[in-house]
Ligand code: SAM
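This document starts with one chain, in the form predicted on its own, laid out as structure tokens.
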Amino acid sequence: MSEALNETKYLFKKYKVKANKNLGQNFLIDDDALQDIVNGANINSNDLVIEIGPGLGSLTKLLLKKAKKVVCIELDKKMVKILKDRFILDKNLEIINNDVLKLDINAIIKEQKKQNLDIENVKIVANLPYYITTPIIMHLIENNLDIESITVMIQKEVAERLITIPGTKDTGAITYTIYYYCEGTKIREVDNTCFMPEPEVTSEVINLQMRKTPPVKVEDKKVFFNIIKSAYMQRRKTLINSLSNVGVFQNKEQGEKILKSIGLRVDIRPDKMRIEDFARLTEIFLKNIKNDNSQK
């Protein structure tokens, strides 16, 4: 029996708690998987680690041994009580009882660096509830956080959509956003039997390394991502149909002309588009808007 399983059973009994289904809690009880998350995050002694959803602290225990400082963000007050009791002697731990989506993470990072001048890098580690995976990851990567990486365990199907190369298998609208901001790699799969209680799906641990420069240059990121989202609103349709319906193309004839001008098939579907294709499409769209405005 694993150490994490023994600890989980002990804490459940001691504090008379159980997994909160409303918060999507599934506690990782596999020692190897926990260690692989820490190894995959590449934690070292000069790192500030922000752990989202620490729960009972099985991963927190390992992070505290590696990092300069660990800041845990936990929504469940019962878990906060357990964490405070369990790690009362650890001076390099801080616990914040709040919703991560309501916090100014950059302000937390700035304050921690002020208090610990030898912090070199900031890394986020998270075991996220499946129901809120996408909002949290998007919140983290779109807010220009002063972080080096995000290591997260999420549902396998979602993980593969996040880290695939745009225009290949499993591509979705979010794939382009992740690829624009991060370089994603798979660390390992985690079977549902590694949790208490067992979820119905397989999980996957991925690492998102923040890019220093994006893979494409776009004049207006908001327009760029809006075009991608519009294309995927009706992903079974051709790109021309999808973008004509929302006004990115004035009509199908214009759409055909634009796609041919950038070397794309007129019957191409959104999930076959590379990120470079959407960048070029955005450039032409913005150019057409400027031309239209200048003629008014």
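From 1 onward, residues are counted along the sequence shown. Just so you know, these numbers come straight off a predicted model, no measurement behind them.
Quick note: we don't show the form predicted in complex with the named molecule, though the next part is all about it.
**Q** Between Asn26, Thr238, Ser244, Ser230, only one gets a heavy atom within 4.5 angstroms of the named molecule in the model of the complex; which residue is that?
**A** None of the other options qualify; the answer is Asn26.
**Q** Quick one: from Val100, Ile147, Ile108, Ile163, grab the residue that has a heavy atom within 4.5 Å of the named molecule in the model of the complex.
**A** The residue in contact is Val100.
**Q** In the model of the complex, does Glu204 come within 4.5 Å of the named molecule, counting heavy atoms only?
**A** No.
**Q** Would Pro129 show up as a contact with the named molecule in the model of the complex if we use heavy atoms at 4.5 Å?
**A** Output for Pro129 is yes: heavy atoms within 4.5 Å of the named molecule.
**Q** Please tell me whether any heavy atom belonging to Leu208 falls inside 4.5 Å of a heavy atom of the named molecule, as the geometry stands in the model of the complex.
**A** Residue-level check for Leu208: no, no contact with the named molecule.
**Q** Using a 4.5 angstroms cut-off on non-hydrogen atoms, would Leu75 count as touching the named molecule in the model of the complex?
**A** Yes - in the model of the complex, heavy atoms of Leu75 and the named molecule come within 4.5 Å of each other.
**Q** Counting only non-hydrogen atoms, choose the one of 40-48, 27-35, 264-272, 244-252 that falls within 4.5 Å of the named molecule in the model of the complex.
**A** Residues of 27-35 come within 4.5 Å of the partner.
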